[in-house]
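Just one chain is shown here, as structure tokens, and it is the form predicted on its own.
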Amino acid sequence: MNRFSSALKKFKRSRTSVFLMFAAVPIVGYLLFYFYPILRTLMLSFTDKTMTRPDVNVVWLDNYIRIFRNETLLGKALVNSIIYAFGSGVITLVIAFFMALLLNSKVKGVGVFRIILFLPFVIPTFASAAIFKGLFDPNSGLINVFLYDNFGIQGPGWFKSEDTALLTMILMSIWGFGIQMLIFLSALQNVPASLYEAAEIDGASKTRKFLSITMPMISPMLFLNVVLVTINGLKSFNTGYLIGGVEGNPNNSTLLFPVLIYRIAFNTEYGGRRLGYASALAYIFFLVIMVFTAVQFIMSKFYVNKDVE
């Protein structure tokens, strides 16, 4: 008993006990709200579970086979998500980078501009989507009204036209570039000034300093941002749901993959509430995201400077 008490007191004084006391809440939260849903979804993907029928049967790989054989919207939703992720990702990275370059300037009041440019990221997606929906409305939106009143141009159909709906969603997605901007800004501020001073002594131009110093030094953070915007773009749900609804109007042109999963899992009008089938679809999409992430890691070998400390 004395040995046990001594061991317990020693454990309480150890660093391990301090770590476990502080990490207990995050670990429990992760197990309950992340690990359990992931495991539960995987289990459901092998069943015929629905929201309306209490009995559950194990069907093993039948859901996955049916998806690849019979799901007519699988390719459409996947292509839409890839286009959306690529388009919004490129535009977001470009804007975030140039904003970071401007904010890295040593001018008076730059802190105020940093706050102003970051604020859009704080605004909920539902609120910003509602605002943009009003701006891009083909009939009464401010953009088309401005084009017609000032230039006599009949504006496009934006999100109500099959040809421009996905492009409209991409334009709306650039609203929240704040996180990427801060990551770039942090990387730019960590570039040693001595490198630029040495380059100036050697007579290097601004373009040469940018290509030979700035880009190599911030390349690890560029890679991080590329991965973030790719994953966020692929798993985007709010914009597609708010603009096209579960129907993906018009004519499935705004149907993103997460919206398709939601449509099958919860919408009764499209044969929904099939939780087992939707879970299998979610895991297929998870593998798609993993593949794109792996491709980003492979491509990083060509532009990330690993010598940056």
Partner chain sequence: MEQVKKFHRKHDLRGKIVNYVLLVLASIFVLIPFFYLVMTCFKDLNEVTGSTVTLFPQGNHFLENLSFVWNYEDYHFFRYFFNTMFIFVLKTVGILLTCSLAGYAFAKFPCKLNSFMFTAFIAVLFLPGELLNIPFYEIMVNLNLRYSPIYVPIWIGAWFGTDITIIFLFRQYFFSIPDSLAEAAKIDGANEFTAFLRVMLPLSRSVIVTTIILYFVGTYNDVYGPSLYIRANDYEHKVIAQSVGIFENLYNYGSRDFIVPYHYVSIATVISILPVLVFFFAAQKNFVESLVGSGLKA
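Numbering follows the first chain given and starts at 1. For the two forms, the rigid core is made up of the largest set of C-alpha atoms that agree within 1.5 Å on superposition. If you're wondering where the values come from, they're calculated on a predicted model, not measured in any experiment.
Omitted here: the form predicted together with its partner chain. The next part is about that form.
- When its partner chain is considered in the model of the complex, only one residue from L228, I213, L167, L93 comes within 4.5 Å through any heavy atom, namely L228.
- For the options L73, L119, I83, L147, the one in contact with its partner chain in the model of the complex, meaning a heavy atom within 4.5 Å, is L119.
- Considering its partner chain in the model of the complex, the lone stretch of 132-140, 150-158, 189-197, 73-81 in range is 132-140 [heavy atom distance within 4.5 Å].
- By the criterion of a heavy atom within 4.5 Å, K235 is counted among the residues contacting its partner chain in the model of the complex.
- In the model of the complex, its partner chain lies farther than 4.5 Å from every heavy atom of M299.
- At the 4.5 Å threshold, heavy atoms of M217 stay clear of its partner chain in the model of the complex, well away from it.
- Residue contact with its partner chain in the model of the complex: I65 places no heavy atom within 4.5 Å of it.
- Contact with its partner chain in the model of the complex, defined as a heavy atom within 4.5 Å, is made by all three of L102, I179 and I261.
- Residues of 187-209 include none with a non-hydrogen atom no more than 4.5 angstroms from its partner chain in the model of the complex.
- After superposing the rigid core, the C-alpha of L147 moves by less than 2 Å between this form and the one not shown.
- Once both forms are overlaid on the rigid core, the distance between the two CA positions of T41 between this form and the one not shown is 2 angstroms or more.
- If you fit the rigid core between this form and the one not shown, you'll see the Cα of P124 move by less than 2 angstroms.
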